[in-house]
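In structure tokens, the next block holds one chain alone, the form predicted on its own.
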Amino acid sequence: MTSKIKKIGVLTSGGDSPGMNAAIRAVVRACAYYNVECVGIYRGYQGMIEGDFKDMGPRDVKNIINKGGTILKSARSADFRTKEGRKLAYDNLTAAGIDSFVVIGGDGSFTGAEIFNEEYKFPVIGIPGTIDNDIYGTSHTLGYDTALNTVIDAIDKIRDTANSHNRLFFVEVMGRDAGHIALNAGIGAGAEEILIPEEDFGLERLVESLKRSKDSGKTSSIVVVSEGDKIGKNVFELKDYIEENMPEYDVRVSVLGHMQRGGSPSCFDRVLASRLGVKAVETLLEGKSNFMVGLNQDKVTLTPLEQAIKGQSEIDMELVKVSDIVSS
């Protein structure tokens, strides 16, 4: 590869997700493989503004591929949204000899990278890291597969107590704007109903569905609710509505919350992170910039950051159909 890139920074930004550490590891070791210096940028863009940098080599990332969270820490930086903040970041990068960077995060993190690239023509590559799987241009984001397995494990345990007490459980999962986790985990866990932001089924349909389940002989039910679902103000309002209309049910709510973000990444996420991290470094060394590396049909591909940010990650309607069929 012929490239003028000499020193690559790597940072994690926004919400953490399992697989971020594996991606950091891949970036650092790919830099070492191609004889390029690598610098860890701590606390995302805020650390960039404050010059919180550390040179990193292969031994600095040992034994992290199996760890959740991010060793580089993460933060949301209001300062980076200002021209003054970005100027400070640019001055710190150039003073440290950093001539490009890889950012691991979601669309907010990519927006910051794209603006920075526009202002300073600074080479940047994005790696999608979010459990919500809501970024256009990749079939899987880092942490999504791990989060699914975490949710499945939790629902399996909840079903044990639901069956024991003839209860109806509403299980709220993450996904403010996208229902990927709810839909896939709901099918995988055998949920009786799945509520997602993309499909507004209405409260009446929910009651009808639960009544059919009851009439068919089911003594307990699991309803998986994406936190962004629109048919109720929140999952507790759904609970109250069902209790009013189906008093025969003993209704409980379980909000899984941030436990979905933690934990050791799955094998899939570790391999994906490794592939995307290596590709990010190679893309920079090829002289390309302002792209996101992603996975499509099991091939690592490039998507312009602008498309990744503005594009819409769509729910698989076949899965919605499958859910309706197998939950009956």
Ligand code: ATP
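Quick note: we count residues from 1 along the sequence shown, nothing fancier. Since the model is a prediction, treat every value here as computed from it, not as a measurement.
This next part talks about the form predicted in complex with this ligand, which is not shown.
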Non-hydrogen atoms within 4.5 angstroms of this ligand in the predicted complex: do T141, A154 and Q260 all have one?
no
Exactly one of N149, T111, S254, N117 has a non-hydrogen atom within 4.5 Å of this ligand in the predicted complex; which residue is it?
T111
Looking at K73, R86, K239, K214, which has any heavy atom no more than 4.5 Å from this ligand in the predicted complex?
R86
Decide whether D145 counts as a contact residue for this ligand in the predicted complex under a heavy atom distance cut-off of 4.5 Å.
no
Is it the case that K218, even though its partner is missing from this view, gets within 4.5 Å of this ligand in the predicted complex, heavy atoms only?
no
Is there a non-hydrogen atom of G106 within 4.5 angstroms of a non-hydrogen atom of this ligand in the predicted complex?
yes
Is R81 a contact residue for this ligand in the predicted complex, using a 4.5 Å heavy atom cut-off?
yes
Exactly one listed stretch (21 to 29, 314 to 322, 8 to 16, 300 to 308) reaches within 4.5 angstroms of this ligand in the predicted complex by non-hydrogen atoms, and it is 8 to 16
Sequence order please: the residues of 125 to 151 with a heavy atom within 4.5 Å of this ligand in the predicted complex.
T130
